[in-house]
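First comes one chain, alone, set out as structure tokens in the form predicted alone.
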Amino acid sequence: MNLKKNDIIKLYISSATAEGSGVGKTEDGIAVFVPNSAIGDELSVRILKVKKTYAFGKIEDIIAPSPARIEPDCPYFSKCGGCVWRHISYDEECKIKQQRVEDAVTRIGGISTNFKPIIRSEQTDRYRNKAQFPIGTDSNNNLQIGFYAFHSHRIIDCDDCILQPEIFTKVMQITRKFIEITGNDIYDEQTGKGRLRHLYIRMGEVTNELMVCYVVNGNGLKQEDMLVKMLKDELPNLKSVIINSNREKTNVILGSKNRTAYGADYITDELCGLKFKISPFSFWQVNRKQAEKLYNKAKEYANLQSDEILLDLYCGTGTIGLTMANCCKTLVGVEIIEDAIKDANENAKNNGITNARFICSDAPKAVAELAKEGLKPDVVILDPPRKGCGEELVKTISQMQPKRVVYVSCDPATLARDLKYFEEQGYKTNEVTPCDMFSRTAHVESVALITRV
């Protein structure tokens, strides 16, 4: 079959990609990637782009739907770049995520290990405690507040996202009304002009405390007092209104400076029985209930004893390490973000934890310095960003010879790569457990237990 653009072919969807597209193969083995398709679909597909060994297409007609296919429950689903699995059952979504983790570890890492069933979520909607809404205008200068379309910076205007709590929708409505009344100008990514860039919201699920943060290209907004009054009048649980200044022409959402326009400069929430302070810059898992399940699994893998030293790398505000501090002799946390370290120290103090020490440094440098000090951790917790740890850091950690390494990962591919590096350093991957932290999206979290042979 010589595929060409605009050809219409019949296709059976047999697998799915990490980004959420279904994959089917033509008679001569060309893989065709089709968004919004489901494993088991028989489709009529229009070819949009052709490469040497693969092609991209879109659904023209569903000839026979997959048994896993359901009716999407969100009007923005096919446009917004957030959810990718709203058209299939939750059982099917969990199967795909489980397979994705297993395939990455076995194929990329070349590792044979024990895989536990994915930790499922009891709540697949309204679970997020954080949202970042870009603010812009369309070609007719109409206000747009919502989410970026898939792989673009085109804003899909959104009245309500069903991954977010309903109160976030209320904040969006108040913000729209404020802009309409005051005429605050909207930031333009192309020119770098205009003021209001993003609406950023956080909420404590247990405490119900609400933080509303506006990212501006400048020092503030016109008639901020009116905005604060509008928020206070309609949001009884409002604890904090922050103005974040970001004057850079960049895709990074937050700038480096915050100013408190109302209330406190932080909110608090609870996790695994501890209270945590959350500022705009703090890392805090967006799904608290699933985070508790994930951290409990990590604690089980760590299997800490009362005389052992725990090293928590990429510790953020100290959440994972502090939930384990009562099980070990000493906790040492490392994080490169200064504000996060301040919060970590305060979190330890507020929870009466006296055996914790936090260091502001990047992970490789800190590990090297601690090794020079002669610190020999018994257990290392890793929770790196999407890019993972990398070979050099794995080597440095291995030289400290911890008995156990617990690796929390948000990317199966970089997890698999790093597990391979650990195995090359004399460690073994004992077990991997996927965890569905981000239901209806393509993302999947995992936790792995690695032991020294």
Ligand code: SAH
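Just count from 1 along the sequence shown to find any residue number. Given the structure is predicted, the values throughout are model-derived calculations rather than measurements.
Missing here is the form predicted together with this ligand; even so, the following discussion is about that form.
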Does Ile320 reach this ligand in the predicted bound form if we count a contact as any heavy atom within 4.5 Å? yes
Can Phe283 be called a contact residue for this ligand in the predicted bound form at 4.5 Å between heavy atoms? yes
With the partner left out of view, is Gly136 within 4.5 angstroms of this ligand in the predicted bound form by any non-hydrogen atom? no
Would you check, heavy atoms only and a 4.5 Å threshold, whether Tyr295 touches this ligand in the predicted bound form? yes
Scan Gly316, Gly109, Pro165, Gly82 and let me know which has any heavy atom within 4.5 Å of this ligand in the predicted bound form. Gly316
By the heavy atom within 4.5 Å rule, which residue out of Val171, Ala363, Cys94, Val332 makes contact with this ligand in the predicted bound form? Ala363
Since the chain is shown here on its own, which stretch among 257 to 265, 233 to 241, 307 to 315, 127 to 135 would lie within 4.5 Å of this ligand in the predicted bound form, judged by heavy atoms? 307 to 315
Near this ligand in the predicted bound form, with a heavy atom at 4.5 Å or closer, the residues from 381 to 416 are Asp383, Pro384, Pro385
